[in-house]
Ligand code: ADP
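Here's a solo chain for you in structure tokens, the form predicted alone.
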Amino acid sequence: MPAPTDDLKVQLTAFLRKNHPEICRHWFDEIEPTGIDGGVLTLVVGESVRRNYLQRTCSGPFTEAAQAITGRLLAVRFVGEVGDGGDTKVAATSGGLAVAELEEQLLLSPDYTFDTFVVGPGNRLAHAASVAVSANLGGAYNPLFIHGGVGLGKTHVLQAICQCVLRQRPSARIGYLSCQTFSELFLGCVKSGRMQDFRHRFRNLDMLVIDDIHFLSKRDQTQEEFFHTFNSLYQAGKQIVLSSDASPNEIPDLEARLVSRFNCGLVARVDKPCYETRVAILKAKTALLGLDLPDDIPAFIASRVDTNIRELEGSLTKVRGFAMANALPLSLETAKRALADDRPSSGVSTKPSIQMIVDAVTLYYDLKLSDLMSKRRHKSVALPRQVCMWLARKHTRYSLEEIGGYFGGRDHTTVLHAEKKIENTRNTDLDLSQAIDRIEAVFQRQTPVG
């Protein structure tokens, strides 16, 4: 007798969370088994983007879970709800292209929605413009050109646009692909004499979304074709969304007529997230994964990683994996151990890091890292923060701006004020002077001797 579907659901989720935690998301609880028929376990997934994502990336783990739970050689099939019209396909217009080429579409991830996008000072314009475009294709900002460094959320916002449009208009014809894929498809069709198919596919879309458009650089043939594709869609009032690691004017070897067209809509830059945004991003990620973390862990990771979102998430993954591998609780101490080796490998530093200084100060004052990095101005927090800044200026080579950015995105004037205040106060306040000496002794014991 097959297990009741309620039992199957509980056991399936439990198995995946134990054996494949990296794929688990909070919405897995919404997946409904309908039973086993003909050696196939059918799982109902209401949203098409989630369903397609599971089918293409998670079939293996789900199949393993189903077989382990039932003891039977089963296959797994993900289906939509009855009457939902089937799967919504991105860029459903084939125009005669082979099925394999249609599969070149970039896979939409359920993780990348507007609901999970954390808005901060560095991405506010890009987010607002993307929401506006989603609500009014071709009528808000066309084209929308989003640019910024690696791992800052450009792909997230592009996929969020696609998913928002598909929810509102399931029949919308959307082409979402990388510039590299666009170029390869174009050259393939040139060689095989199927340019009519290529043009039919891309010039009859409701929205064309191209990631990493800067790869058009030095590709004269592809630039020519993209120019005509752009014009065709633009003149028809269809939406165009592009992302790049540089602004249109800074893409090398890009034809002037393309630069002009990319600039004719809205160009929005995405900058590195500030400290508060980094903390919020990590908290959003833990919620998505269904993790229960103390606030000190996101604060700790955000204080160490200020480069991009991918490295933030990578550090979180490392902490989680380290805790699971060593059967440790998800605590600040575990996070410190997990990330202890994440230091530059070129030589041995004889100077303390800012993090070593921060650890010594929070230990001495019995203060939470999240409070130290917060906007709180109470003396119990402000004084230790100023001590940290003074010590960072004394013992590291970081600039005022870099230290300010480390401590919650404060500007250089705040660090300069802290430096002067501690310098003046320690000469007249014996307690503060002794406290600083003790703190220095702690982190200097941990600093390697060159």
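Note that residue numbering follows the sequence shown and begins at 1. Given the structure is predicted, the values throughout are model-derived calculations rather than measurements.
The discussion below concerns the form predicted together with the named molecule, not included here.
Peer 1: From the list P298, G175, G153, P352, which entry has a heavy atom within 4.5 Å of the named molecule in the predicted complex?
Peer 2: That would be G153.
Peer 1: Looking at R269, R310, R77, R72 here, can you tell me which has any non-hydrogen atom within 4.5 angstroms of the named molecule in the predicted complex?
Peer 2: So the residue touching the named molecule in the predicted complex, by this definition, is R310.
Peer 1: Are any of the heavy atoms in N136 no more than 4.5 Å from a heavy atom of the named molecule in the predicted complex?
Peer 2: No, N136 is distant from the partner.
Peer 1: Q239: heavy atom within 4.5 Å of the named molecule in the predicted complex?
Peer 2: So Q239 does not count as contacting the named molecule.
Peer 1: So in the predicted complex, is the named molecule close enough to V279 to count as touching (4.5 Å, heavy atoms)?
Peer 2: So V279 does not count as contacting the named molecule.
Peer 1: Contact between S217 and the named molecule in the predicted complex at 4.5 Å, heavy atoms?
Peer 2: Result no; S217 lies far from the named molecule in the predicted complex.
Peer 1: Select, from the options 319-327, 366-374, 117-125, 192-200, the stretch whose residues sit within 4.5 angstroms of the named molecule in the predicted complex by heavy atom distance.
Peer 2: Of the stretches listed, the one contacting the partner is 117-125.
Peer 1: Flag this candidate site as yes only if Y112, G149 and K285 all have a heavy atom within 4.5 Å of the named molecule in the predicted complex; otherwise mark no.
Peer 2: Yes: each residue has a heavy atom within 4.5 Å of the partner.
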